[in-house]
Each structure stands twice: as C-alpha cells, then as structure tokens.
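Okay, so here's just one chain, in structure tokens, the form predicted on its own.
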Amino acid sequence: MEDVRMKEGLSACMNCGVCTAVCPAAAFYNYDPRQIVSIVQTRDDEAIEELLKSEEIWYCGECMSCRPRCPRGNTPGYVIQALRTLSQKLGYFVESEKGRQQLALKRTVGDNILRTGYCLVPTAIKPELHPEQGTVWRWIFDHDQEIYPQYSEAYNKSGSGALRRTSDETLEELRRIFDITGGTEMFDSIERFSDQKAKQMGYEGADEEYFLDVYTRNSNEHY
C-alpha cells in the first residue's frame, strides 16, 4: 500500500466495472481489472498472494484506457503495476508462464538499454528469435551496415542523429540511474528468482536453454 502507484491509483473504487468495459486486454484475455481492484481493496493477504502468482496481472497492456474513464478517478493500471513490482520483489512472478517471461524482457529490452542506450536496436532483433519477421528480415539483419546508413549517416557512430552510438559517458549515467532508482536491484532479483525456478523445473539454472524456453513458450491457454 506504500507504493506511490497505489496511492495515486486507488482511492474510492465502487466496482462499477467501467474499467473492465473499456479495457482492450479484457476483450482478449480472461482479465478483469475491476475484480483485481476489488481483491486488493479487501487487503486479504492470501487472495493478494494468489494474484501475485497469477497469469492475470501480466495481461494488462498498460494503455491506461481505464484512467480517464473511471468515475471515481482511480487508475486500475497503476494498481496492476504495483502488483507486478511486488511480484518481482517477492519472486512470485516465476509461478506463472507470463510471469516467467520477465526474465526474457530483462535480458532483451532491459539489458539492451544498459548496453546500447536503446530499448531496441536493429541488431538486437535476432531472426532466430523472431521467425515471424520472415526471410527479408534475415537479409536486413545480415546487411545492416549497408542498409541503415542510407537512412541515417549517424548509424552506429558518435555524434547526433538517429541510431547513433550512445557515448560511454551516457551509458555510465544510465547505469547510475538504474543503481539509484532500484532498477539494478530489480534486475538482480529477476535473475535470482528465475535461476531458482529454473532449477526446480529441471534446468541447470537460468541458462540460455531456460531463457529460450520462457521467451518462446506459449501454452495457448491465455484466453
């Protein structure tokens, strides 16, 4: 309840269900933000722990469609964010298929930010992990040094412009920001709990095999 997103996102919910009615995720998943907020309001530790271990809290797309439409000024999306953070801190995220994908996000988008300064760069979208991109993407991936400079002279170079190389000084500043704000601690937590879960599942740890498993696995039960 001390999370700032809880303080900003939940004050006087009357469970009218408007958030669920406008929620894009609720249209595709067995996901009901109204019900989640209702459980949180009970302050029932066992019920909230079930949420932290569930698939449901990972279905939210964080579009915040719920925010402007709530007649009481609540933001269920903030509540979901707070639940996700707590699930990561306590290690409950590894108990669900969607939750375990936090490791994949950490090692792709998260590590990429610290390594390059970007959430994604063309060379990070590996064809073997994204077969949906097709054969054309494989060719682009293999010839990036020929293709991208045609669109940006700064490609992978120091200076200004699109797709420029982030300076070492800026990367160091990013790392310090992560250290100070708790991002580094969060990343370490995701790695630690993922490693423990991987061993429980029969892997040697959160190695490349486990990473690829959580990155690509889909039970097709998320409806």
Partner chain sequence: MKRSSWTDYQKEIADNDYYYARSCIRQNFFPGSEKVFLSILGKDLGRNIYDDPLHTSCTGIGYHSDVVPLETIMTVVARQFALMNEAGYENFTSSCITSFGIYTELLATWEEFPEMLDKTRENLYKATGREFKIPKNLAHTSDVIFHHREEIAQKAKRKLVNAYTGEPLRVVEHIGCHYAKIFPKKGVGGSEFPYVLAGMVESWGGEIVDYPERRHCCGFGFRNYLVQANRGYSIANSHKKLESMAPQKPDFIVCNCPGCSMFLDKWQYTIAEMEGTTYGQNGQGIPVLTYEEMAGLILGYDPWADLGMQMHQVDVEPLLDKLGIEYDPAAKYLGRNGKYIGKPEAALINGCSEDRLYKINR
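These figures come from a predicted structure and were not determined experimentally. Positions refer to the first chain, counted from 1. Take the two forms, superpose them, and find the largest set of C-alpha atoms that agree within 1.5 Å; that set is the rigid core.
Separately, the form predicted together with its partner chain exists; it is not shown, and the next lines address it.
Its partner chain in the predicted bound form is approached by W58, whose closest heavy atom lies within 4.5 angstroms of it. Heavy atoms of R72 never reach within 4.5 Å of its partner chain in the predicted bound form, leaving it off the interface. Shown alone here, S87 lies farther than 4.5 Å from its partner chain in the predicted bound form, counting heavy atoms only.
Its partner chain in the predicted bound form comes within 4.5 Å of no heavy atom belonging to V37. Along 20-45, a non-hydrogen atom within 4.5 Å of its partner chain in the predicted bound form is carried by P24, A25, A27, F28, Y29, in order along the sequence. Core-superposed comparison between this form and the one not shown: the CA of P122 stays below a 2 Å shift.
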